[in-house]
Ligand code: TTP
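Only one chain comes next, encoded as structure tokens, the form predicted alone.
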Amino acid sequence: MSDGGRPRVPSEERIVLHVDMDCFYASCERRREPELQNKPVVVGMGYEAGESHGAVATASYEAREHDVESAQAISQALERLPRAENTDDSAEPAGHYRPVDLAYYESVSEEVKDVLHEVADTVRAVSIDEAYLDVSDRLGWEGAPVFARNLKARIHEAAGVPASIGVAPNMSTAKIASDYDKPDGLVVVAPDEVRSFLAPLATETLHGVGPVTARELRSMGIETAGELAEADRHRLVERFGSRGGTVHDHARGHDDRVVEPVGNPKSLSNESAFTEATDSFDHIRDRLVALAEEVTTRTSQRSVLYKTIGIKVVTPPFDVHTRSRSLSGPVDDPPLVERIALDLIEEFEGRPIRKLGVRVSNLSFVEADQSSLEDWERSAAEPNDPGGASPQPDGGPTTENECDRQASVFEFL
């Protein structure tokens, strides 16, 4: 049997990762405002700065220590954790409240997903802040812990947010493992450890067991996954229908679901940080050329076309600048990516740079007519666009300042 053209790996040999971004919205706000590190952060839905209406979307772990929780009314959260700006006594617990900025969070999520697609061929993103990876075809179990640690470091370096990762032979156990040691956790459950890992856990930690089912199981004298694994399967099916058989399987560490990709990435990129900020333009250009080559190698291998080519530049202290240029049609043209990247970096000559990135976006994963380099050059040379930097009616190149903003950049570990 195959999965999307790949031979299906036996379940006991599969290596599945569940990547969960810890308190993601709050982590994004800390990336934008590094001074919020280790402080209580509350992000509100339907909330405007300084107001008391709306609901809590995410509360950092520091805020949770004061009983602030997701879906809680902002007014209730404020009773338990007053706003920092309204607190005179620095010793008094205070929260930093921010409204949801979904566009920003999605941009950070895309940076994380770029890393995931770079390290794994099979990625299933299930929400803005979590995804499953199947890396069975890339490594064996002996290499899984190092792979997961390196992935955490790459996410931190590329996107500036922490992730908890669970590694297991199946999706349900990997999800439990990622939740086991939050925040910033890493738990690896090898095939011969699954039953012993699950046994002491409460039944509600299992996929498919909600509060109501957990109460019913307790009424049957079943409180742990180990007890559920040893329970009579027929009795469970009689009580819960087919779901009873499913949760029984999960308690025993059995889950035949396959990690199936959903959709395609919106962009592909590669980034690299310098050991120290440098203004050596030859060094910067060489690094940019290498990054462009790495990105276009991936796009060519995956038969991906792209319409937008861009760079990311981080200057001291932590200023993030992005520049991009959109083409008249989708291409797979490595020399053009290198040429545009070098074109865009000219703006930063003479400035110290901490980190560089090259990104291609507006991707196409189906057969399509390609615009040629000659087409692009002819479009760029139109008389009404002498600099190639303004939108054209015929769809010629466009240079955009996508999102200049302050950000926290974590060096690669």
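The first residue of the sequence shown is number 1, and the count goes up from there. Since we're looking at a predicted model, the values are computed, not measured.
Here the subject shifts to the form predicted together with the named molecule, a form of this protein not shown in this document.
Although the partner is absent here, Ser70 is a contact residue: one of its heavy atoms lies within 4.5 angstroms of the named molecule in the predicted complex. When contacts are judged by a 4.5 Å heavy atom cut-off, Arg64 counts as touching the named molecule in the predicted complex.
Although the partner is absent here, Lys266 lies well away from the named molecule in the predicted complex, with no heavy atom inside 4.5 Å. At a distance threshold of 4.5 angstroms between non-hydrogen atoms, Glu110 is out of contact with the named molecule in the predicted complex.
Taken together, the three residues Asp20, Cys23 and Asp129 all lie with some non-hydrogen atom within 4.5 angstroms of the named molecule in the predicted complex. Only one of Lys182, Arg83, Arg149, Arg302 lies close to the named molecule in the predicted complex, with a heavy atom inside 4.5 Å, and it is Lys182. Between the options Leu36, Ala57, Ile345, Leu363, the residue in contact with the named molecule in the predicted complex by a heavy atom within 4.5 angstroms is Ala57. Scanning 27 to 49 for heavy atoms within 4.5 Å of the named molecule in the predicted complex gives just one residue, Met45.
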